[in-house]
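Below you will find one chain, with nothing else, as structure tokens; this is the form predicted alone, and questions on how it binds or moves follow later.
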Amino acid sequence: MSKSTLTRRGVLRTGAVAGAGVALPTIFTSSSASAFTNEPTGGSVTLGFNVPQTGPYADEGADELRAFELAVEHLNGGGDGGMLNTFSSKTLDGTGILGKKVEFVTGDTQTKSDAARASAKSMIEKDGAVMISGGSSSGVAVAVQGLCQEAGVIFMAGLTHSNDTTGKDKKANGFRHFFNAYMSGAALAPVLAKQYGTDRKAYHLTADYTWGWTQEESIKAATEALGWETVNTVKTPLAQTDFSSYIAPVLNSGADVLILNHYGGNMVNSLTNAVQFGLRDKLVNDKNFEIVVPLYSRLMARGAGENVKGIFGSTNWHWSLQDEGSKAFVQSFGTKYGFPPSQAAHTCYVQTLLYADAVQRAGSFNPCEVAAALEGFEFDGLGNGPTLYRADDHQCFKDVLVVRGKENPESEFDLLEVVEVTPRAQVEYAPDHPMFAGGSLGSCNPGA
């Protein structure tokens, strides 16, 4: 089994340096003799994995790191090969990338944009990372994507769900495999209409940053199109841990649905507060009061425990899928770590393979040649069925899952059930859709 050449102590030291914001030699100039930023010249190539190891999204970050390490192991020919065996592209053969052994460094985003940029900057300048991936916050993703554009490296976004990442803040050097808030609304609304009807009054609690804003906008538009009335929309700080003061007004608002545009630890706490206040036991407007969590994850469901039973949401991927790619990934991840992977782990593993494959097909680490290989790339075998990396905005298009908290789970991992696989065609939109308007993809930057 192949392992990273970095020791755990070395990894921690890297994170500490990044967190301290130590001044490092800049490469963001044209003085380098290299053809592009961090052109690998030896027998190895370094990738930078930037994840939240602290903060409200730390659970997702921990699972992302596990997936990154597994992807590197498979690229270097270790383990059982995982999704390399099911990926429709057959250019990767377990000998690294273009014959170079894959190494990696890590950083802690702290779920804060400034910390994430400092961490990514250190990995690019100090460690020579030729690609940055990871993150579990759209605010972080937008910030790091901008940095990678300036630095001339590829950014393969991890978990980021804001429309802005491939909307007004899209960049030529940035690519997103994860789905987005518009897709959640498009997939979820028909299911909500079927379950709860078209005459509903909704109250939104929304994380106050780019993801929450576009999630609220997307689900609000989708449910209002059904005939639902939006009673109120209230923003909550990302650092909020007790949502009691936000739940009490819901009871007197006349709403019969609470939509929690929260993720990670925020969602766990707000849903727990809502259940403690007895919202799920209320009868309002002659209807059972309902709660909806538009963006779900198994890690969140585990944190919220029995409170998630019967609650609908959407997710990018789930370990119970039975396609060959998903089964291969679950087998590899489960064998290595002893439990099934999350959607965050899946998207980060896949992004790493997609980057490596693009380099292999391009025959170069030059970010502009890699970007060209990713644009318009169609593939299969990595879960979610046939998928397109759209050239217009660097957004992946694939099937979207609608899930529900399971009433009778058989284990601590069996918490969500897939109730509908929404076809890709139902969640597609034009590149100039108003929710994605503004900004420009611009031109690829090779850096040095």
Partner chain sequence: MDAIILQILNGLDKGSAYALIALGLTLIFGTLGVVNFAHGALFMIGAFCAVTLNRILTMSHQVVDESRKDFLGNPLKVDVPYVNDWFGEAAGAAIIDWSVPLAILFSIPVMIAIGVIMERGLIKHFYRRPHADQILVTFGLAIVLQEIIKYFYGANPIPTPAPDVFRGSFDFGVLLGFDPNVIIYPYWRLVYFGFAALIVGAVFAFLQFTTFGMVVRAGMADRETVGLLGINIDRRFTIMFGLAAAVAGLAGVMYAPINSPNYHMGMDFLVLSFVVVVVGGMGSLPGAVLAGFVLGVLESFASMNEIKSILPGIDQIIIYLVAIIILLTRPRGLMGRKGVMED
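Residue numbers count along the first chain shown, from 1. If you're wondering where the values come from, they're calculated on a predicted model, not measured in any experiment.
Just so you know, the form predicted in complex with its partner chain exists too; it's not on screen, but the next bit is about it.
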| query | finding |
| --- | --- |
| Contact flag, residue 305 vs its partner chain in the predicted complex, heavy atom cut 4.5 Å | yes |
| is_contact(residue 55, its partner chain) in the predicted complex, heavy atom dist at most 4.5 Å | yes |
| Its partner chain contact at residue 339 in the predicted complex, heavy atom, 4.5 Å | yes |
| Residue 360: touches its partner chain in the predicted complex, heavy atom cutoff 4.5 angstroms | no |
| The single option of 203, 87, 196, 213 touching its partner chain in the predicted complex, heavy atom within 4.5 Å | 203 |
| Residue (of 311, 118, 373, 268) lying close to its partner chain in the predicted complex, criterion heavy atoms within 4.5 Å | 268 |
| Contact test, all of 251, 276 and 410, partner its partner chain in the predicted complex, heavy atom 4.5 Å | yes |
| Candidate stretches 390-398, 36-44, 377-385, 55-63, one within 4.5 Å of its partner chain in the predicted complex by heavy atom | 55-63 |
| Residues of 324-354 having any heavy atom within 4.5 Å of its partner chain in the predicted complex, listed in sequence order | 330, 331, 334, 335, 338, 339, 340 |
